[in-house]
Each structure stands twice: as structure tokens, then as C-alpha cells.
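The chain below stands alone, shown as C-alpha cells; this is the form predicted on its own.
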Amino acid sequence: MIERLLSRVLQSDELSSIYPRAPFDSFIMPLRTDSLFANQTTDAPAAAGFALVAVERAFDRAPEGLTYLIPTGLAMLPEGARVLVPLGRGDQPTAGWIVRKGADLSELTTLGCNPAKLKFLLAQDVSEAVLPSELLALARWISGYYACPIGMTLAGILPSAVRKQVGRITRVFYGLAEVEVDATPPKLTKRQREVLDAIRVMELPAEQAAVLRATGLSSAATLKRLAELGCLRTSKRSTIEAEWSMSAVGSVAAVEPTTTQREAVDRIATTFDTFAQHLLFGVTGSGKTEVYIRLIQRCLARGKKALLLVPEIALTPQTAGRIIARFPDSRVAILHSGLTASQRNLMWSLASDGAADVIVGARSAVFAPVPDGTLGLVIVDEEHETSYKQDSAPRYHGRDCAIRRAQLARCPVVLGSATPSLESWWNATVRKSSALHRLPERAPGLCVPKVTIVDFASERRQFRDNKVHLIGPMLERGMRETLDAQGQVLLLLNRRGYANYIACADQRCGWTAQCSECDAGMICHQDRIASLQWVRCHHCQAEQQLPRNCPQCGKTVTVFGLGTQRVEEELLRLFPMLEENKSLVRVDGDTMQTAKHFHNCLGRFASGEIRVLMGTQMIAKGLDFPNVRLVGVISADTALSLPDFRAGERTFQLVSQVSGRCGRGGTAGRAIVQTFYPDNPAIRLAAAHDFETFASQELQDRREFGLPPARRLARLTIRDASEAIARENAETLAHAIQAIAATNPQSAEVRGPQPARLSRVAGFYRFEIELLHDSAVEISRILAAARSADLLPLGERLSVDVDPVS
């Protein structure tokens, strides 16, 4: 079995050099046909061939798909088409995807199938969706590499709005047409000239409704006639394009690129029409976005499409707004889960029809249905962000899938970051599989922020009362000076809620508020207006009212620790001139339920209405506001104590990224970082903007301990409501995995089973098994063999996470 699995490993040196190193199509397991297929009736239609169909079910017994006959009426359906097939004894119509077609029925015999026992395809799905072959190949790779049934993988690609065929909404925009110098001016009526004069003083392009209001027209007939005469140009945009193009945050005007920007663009552009991997390493404010835009410009000039990924849904309006403004004559499709149903359907159709020139979106935009042969550039902004990792099956990493997507399209992929992930840095500096491009200086007009590290343990001694103080004297003075100078302030605390520790006031009692379903403490939340406090588990979301007295001894319950709500409360006390939700706004998962809420908040901050923006890591990335003169980090230590070998890397990235949000105007910015560990290398080197020294030291530690990226890692998590059953199942699986690993002389290291770092969540006990090896190929081999042996059953009892990030 193992030999058969390995027989299909790709031989191309180019394909084997991609990150992550893995046999992309190697571990698609052999087809099985058994009692899954029922007998056909004698009056069945003639077959025009056969098809392997990946049904959209958690079904892994036939990894390449179930075999069906193709009726002559559906013979023209291509691979990648979404169809309905009969499934099970009741022939339940079930959606699936044609992943392979064959015209010669005799081939079924070699596959071990009896044509007389096969069922026929029922029909093409109502969505009439057809995936490009490049996207179908990407789904195959994800299925094999991340150990997930291909049907489940494909099911996550097509948005539900596309399945339902929800309607489309567009808006018409008008702008002045460019007239040649020698052209004969058209003869216009007096009214037409008046309308044209009124349009000239408008901010263009303008939506049709705004033009009608400004000109006093009751209908668009005059505007259409001016467009026919060549005086106006028109463009149609979707509702979401219209909204975001009119509310782009930050500067959208073209600027003259610096020498280093121009060199990076020129070097990357030489790799168009071939697969190449690039790491754009530029300090915050160095103009990476301008490099992206210049590359997109060159890509479009070649008649190709560009795909730009951003790490958060909340950042797509800002990025898409800039792209739309810089490319007013190009169609921009925005793809992410925060859109309405009609918007998602329209955006998908724009990409699928080839009408979209640029696709911008979050993690799932990597599945944009760009027609085969037309994708010319893939960009992953802030590639280090862990939000690119999907937390449910298939647990793919958007960055790595983008690399594979670029390889399939034979185009360059650009990974950009001021604080690259150590995996990408390893590929660029050790493996040399990525070309490294540096932007070591900030763009003209931007100042490098001065970062001050504050020993908060020393500052706390200056307080003479027993109150909780989260804002030290230095940060308070800095805020007063900044607000007095009409500047704006960003404050970061990567912990939401009011406080993270609830305990009995009597230390002899020892009671603390713990979740009854998880091995985790409860977090205190509050509603200041309603004077209400409650506790919530951030893992299972269980809630209850905050107890006033200890349930064990009856004494008073006290609340310790910190959270964004507590910082907000202290800010309102220290700065009475600030108004809650007006000049002071808190940004976290409790206040920003949708991307629209966050985008509206950014618009208010850009206009100056909001003076202090305080929140979690949502405000630490990608924001560009010239009037931000002070950034304060309430506590840089929130991630350092976590049982995660990436804790130092995450701390460096967070401090460095948020510090880079200031100094983007004409005034030098300042960042104040409060910490109890001022000598920690991650904090000290982030303050010095010295990523390369930090990366060198961190990679040396990773090598010594055999941790990623020096080795590759996969984690299997076994869950059960019974701790004994969970442990027994984990031990059985671990022994089987060890036996598979032992078939290779250079076998992978199998660790565990061991209790998970969080040993119980939502009532389920959890045990982990870890696989480590120098090569991802070996880990994929083991997982493929385990799937073939039915060792990895689907469902909530087991999860497989390849290249985990937490």
C-alpha cells in the first residue's frame, strides 16, 4: 500500500522546490469501489463515459472520489463541474464535483469497477459552477497535504450565495473623458454644456445618483447622451466596490517610488510568466503597498490578473479602496466571508467570468475562480499573520496555498511583511527558495518612531493608592502632550474583557472562577452603563453573572488582572475630556462584530473624530493614519507566558507592528511599551527595529530544539467526553502511527500521546500526538497511510493539523 501511495510523487524539480516541501499530488490515495455502489436498473441510459465525483460530505473512504457513469446528456460537462449524484441506498441527491473524467469504460475494469453496478450522474447543479483546472488541482493538493477529504475541501470553496444564485446589484459611475488635442469638439446644446460644467467641479468619478443631484437632472438620459458624444466616460461597479472606492482610507495618489522600491519592482517583474517566490522584507512604513500596486500595474499591462491577500476581513476595505482608486478603469473583485449574499455572488461571478482584473480578499480569496492561464501575480500582504491559518477542516494556511496557487499558474508570488514569519525567513535565508528584497528605510515623509521601553514594575511603585493602574506615568504624560498638540493616540492591549482573574479575597480559601466545561479560567466582562458584571469562558463561550461572594467560604470575590474594558474605564477617569464611543473608541471582538463596524470606526478615526483608538491586535496591523503621533502598548507581556514556542516571535511581531503605526505624517512619532520584562530579547529587539538579529537568535534556538521551521510538524488531537476513552484512543492511534513511521529507516519522531496544553474544552478531554520530521514529504506519507488504513476517522473526535501555528 505504501509503495503504491508513493508511486505518484511528482518528479519535477521545480514542483519539489516549493514551500512547503510536499508531494502535492502524491498522496491522493487509490480508488476503492465496494458496496458503496448499487446496481443499475436495466433501462438505464447509455453511458458516455465515467466520472470520479467528490461528494460534499465528510467521507474519506474513496479519496479520489466515487465512480459514476455519465449519461449522454451530460457528456459535455468538464472536470470541475458541480453536479448532483445519487448517494447511498436511498439514492439521496447529493452535490459533488467532477474531479476526473474518462471516456473509455474498459478503464473501469483496471480500476476494479464493474460498470453494471455503477450509478449515473443525475444533473448539473443549479449553480452551474465550474472550477478552473488550476483551482481543482489546488483542492487536490490541500486534500492530500492537510489530510482532509477532497469533497469537504471543495465544499468550502464555493460560497453559499453562488449555490443559491442570489441577485446582483451594480451602480453606474461617471467621469470626464479624455479628449484628444486635435479632436473636433462635439456640438452640445446649452443644457448639455451646463450639465458638463457642473460635472467638472465635482469630485470624480461620481455615482450616477450624485451627478443627478448636482446637475438637477430628473433622469440619466442627458448623461447617457454626453457619454455617447465622448464627453463622459462611464463605468459600472458593484455596490461594495462603490462603497469602498468612495471611502478609501489613507492616501491613494500615485507617488514617485524610491530607489529600493523601484529595484524591488524591477527584480520581481523579471519573473513574470514563471513561478518564483519572493519575500518583500520592508520596515513598517517603507512603502510595501506601493510596490504591490506597481507590480499589479505591470501585471495588468501584460493582460493578466492579480490576486492580493490581506490577513483580516477588516483590512480589505482599506486595501481594496486604494486599489480601486489607483485603477479606476479596472474591475476589482473583493472576496471574503463578511459580504452580503448578493455581493459574494457578484464578486465570485466577476472573477469566474474573467471580468475582474484584481481580486482582493482575506484567506478564502485564495480560492478565487480566476480562469486558467490568466493569473499573473499573487501577493500575500502581512504574510506572518496567523489569521491566514484556517481553524477548521481543511486546516490550510492561506499563505502556503497562495504559493501553491502561484506555482500552478506559473506566476510569481510575493510575500510581504515588516516582521516575516520565521518559516518565510528560513526559506529566504537558509533554503534560498525565496528571493529576498529589502526595503530598509521608511518612505519619504515618514519618520522612524522612537520606541521607549518602560519597566512597569518600577513605575508601579510610584502609585500611592491601592487602585489598579494600567497606564503608567510616562504613558499618561505622553498621551496628554499628544492630545494637547491635536494628535491622535493608538493604545494596544491584546486581551479583551475587564479582568482575567476572579478569586476569593481570602488567600487561604484558594477558590478561583474556573469554567465548568473547560480547563480555563473565566474572564470578567462588564457593562458600565448598566452597572453589570459577568464572567465568560473565551473557549466555550459559557456565561454567568459574576458571583458577589465566594461559593466555598462566603467571603468577598475580588477581580484582578487587565483587559481592554478596564483600560477604557481608566482612560475615562484620567482624561475626562474623552467621550466613550465618540472621541474614545474601544476596538475588540466585543465591539466590532462585523467588518463594516470596524471600517466605519476607521473612517471616523481618519476624519479626526476619534482621538484615542484603543483595542486588541486588530489595530496593530496595516493601518496608515498620518496624525497618529503616539502608540502605547499597555502590556507587551500577554503572549510571553503562553506555552507556545512561537511566543517570542509573536511578541516581537506585535510590538514591532503596532509601533510602526505612528510617525506616518510630517511629525515624528513615539511609541511607549510597558512591560515587566524590559530585558526580554523579543521586546528589546522590537524596540530597536532589529528583526534580523532577533530572527538569527530565534532560529538558532529552533535548530537546537528541533522545532519548526528547522523541522516540520503535524499535530493530531483526540477528543472524548470521557478522559479514559480519550487517552485509550490516543494511545491506540499513537502505536499505529509509530508502526507506519517505522517503515521508513529515517522515520519521523512521534511524540505522545500527551494531554493538550488546554486539556479540556467544551466538556471534551483532549490528547495530542505530534509528528516531527525534517521533510514534509515523510509526514504526508505517514498521514496518507493512516487515512488509507481508516485510522483517521472524520468528525469532532479527531482533528489533524499540519503545520500548526498555535
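Please read these numbers as outputs of a predicted model, since none were measured by experiment. Throughout, we count residues from 1 along the sequence that is shown.
Just so you know, the form predicted together with adenosine-5'-diphosphate (ADP) exists too; it's not on screen, but the next bit is about it.
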{"item": "adenosine-5'-diphosphate (ADP) in the predicted bound form: contacting segment from 634 to 642, 130 to 138, 278 to 286, 537 to 545, heavy atom within 4.5 Å", "value": "278 to 286"}
{"item": "Heavy atom distance at most 4.5 Å to adenosine-5'-diphosphate (ADP) in the predicted bound form, all of 257, 322 and 664", "value": "yes"}
{"item": "Heavy atom within 4.5 Å of adenosine-5'-diphosphate (ADP) in the predicted bound form - residue from 526, 261, 94, 627", "value": "261"}
{"item": "Position in contact with adenosine-5'-diphosphate (ADP) when the complex is considered in the predicted bound form, options 290, 423, 720, 698, heavy atoms within 4.5 Å", "value": "290"}
{"item": "Residue 265: touches adenosine-5'-diphosphate (ADP) in the predicted bound form, heavy atom cutoff 4.5 angstroms", "value": "no"}
{"item": "adenosine-5'-diphosphate (ADP) contact in the predicted bound form: residue 78, any heavy atom under 4.5 Å", "value": "no"}
{"item": "Contact label in the predicted bound form: residue 161 to adenosine-5'-diphosphate (ADP), heavy atom within 4.5 Å", "value": "no"}
{"item": "Heavy atom of residue 303 within 4.5 Å of adenosine-5'-diphosphate (ADP) in the predicted bound form", "value": "no"}
